[in-house]
Ligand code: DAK
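Shown here is one chain on its own, the form predicted on its own, set out as structure tokens.
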Amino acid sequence: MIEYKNLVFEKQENIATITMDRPKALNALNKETLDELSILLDEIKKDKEIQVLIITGNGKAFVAGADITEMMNMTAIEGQEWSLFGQKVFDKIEQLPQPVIAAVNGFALGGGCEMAMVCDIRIASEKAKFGQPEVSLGIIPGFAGTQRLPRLVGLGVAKELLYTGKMIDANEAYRIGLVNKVVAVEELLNEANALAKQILKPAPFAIKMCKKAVNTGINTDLTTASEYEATLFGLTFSSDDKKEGMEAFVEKRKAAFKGK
């Protein structure tokens, strides 16, 4: 396993955890961090043992944004390339076959809010803060924040947050549907792991197909999305998990899924 300078990677049975680990910089995303994250995500995608991934941060921040010192002197072309690079790395999170839980421990601003949004489920500590403050720096979100935020919270609320750049607390994030749950600081990782263990119980292959159906379907029309769902639904009928799940139900026993 590669040694990471800005990340901590842990694996316990079928649950993996990535901790963003630049606490002195509030875990700001610089090029080196995104490079490391990209490499690690490729490894996680290939790891058949990992069934759920948790992403969190060390210190006061989840991720407090992209590293402004790296962006200050970028040209327009360099800015576009940086945006596309960040989007590509974040897309890897979204496209992982495994469900991803964001355990948002503190500041999730700019690129940090965008990272949380690209995860499947978000749990926030009471100290978590969210926002897209890019307009106060004279720029706009570049890691798909203008696209994912409206999809999560609706157009009006998203535009208010994007146009004002204001920061909201965890309870407001929960109210608008940006996070699934708010918990005490000391319970954050316990809660994330408990949810991960719940996700481990059903058929892993079916969960992968659910993720594909949702993520693909949300970006198309209902008819096309429903047809795609039917294709994946049919695909599950060829899986060992389907055979085991239905036999276990009929035989009134606990299913022993193998993820294929």
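In case it trips you up, residue 1 is the first one in the sequence shown, and so on. Just so you know, these numbers come straight off a predicted model, no measurement behind them.
What comes next is about the form predicted together with 4-(N,N-dimethylamino)cinnamoyl-COA (DAK), which is not displayed.
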Q. So in the predicted bound form, are Ala25, Glu114 and Pro133 all sitting within 4.5 Å of 4-(N,N-dimethylamino)cinnamoyl-COA (DAK), heavy atoms only?
A. yes
Q | Which of 40-48, 230-238, 26-34, 203-211 sits within 4.5 Å of 4-(N,N-dimethylamino)cinnamoyl-COA (DAK) in the predicted bound form, heavy atom basis | A | 26-34
Q: Have a look at Ile176, Val183, Leu162, Ile139 for me and say which one sits with a heavy atom within 4.5 Å of 4-(N,N-dimethylamino)cinnamoyl-COA (DAK) in the predicted bound form.
A: Ile139
(Q) Residue-level question: is Asp67 within 4.5 Å of 4-(N,N-dimethylamino)cinnamoyl-COA (DAK) in the predicted bound form, judged on heavy atoms? (A) yes
Q. Counting only non-hydrogen atoms and a 4.5 angstroms cut-off, does Ile168 reach 4-(N,N-dimethylamino)cinnamoyl-COA (DAK) in the predicted bound form?
A. no
(Q) Please determine whether Lys60 contacts 4-(N,N-dimethylamino)cinnamoyl-COA (DAK) in the predicted bound form, using a 4.5 Å cut-off between heavy atoms. (A) yes
Q.
Can you tell me whether Leu109 touches 4-(N,N-dimethylamino)cinnamoyl-COA (DAK)? I mean in the predicted bound form, with a 4.5 angstroms heavy atom cut-off.
A. yes
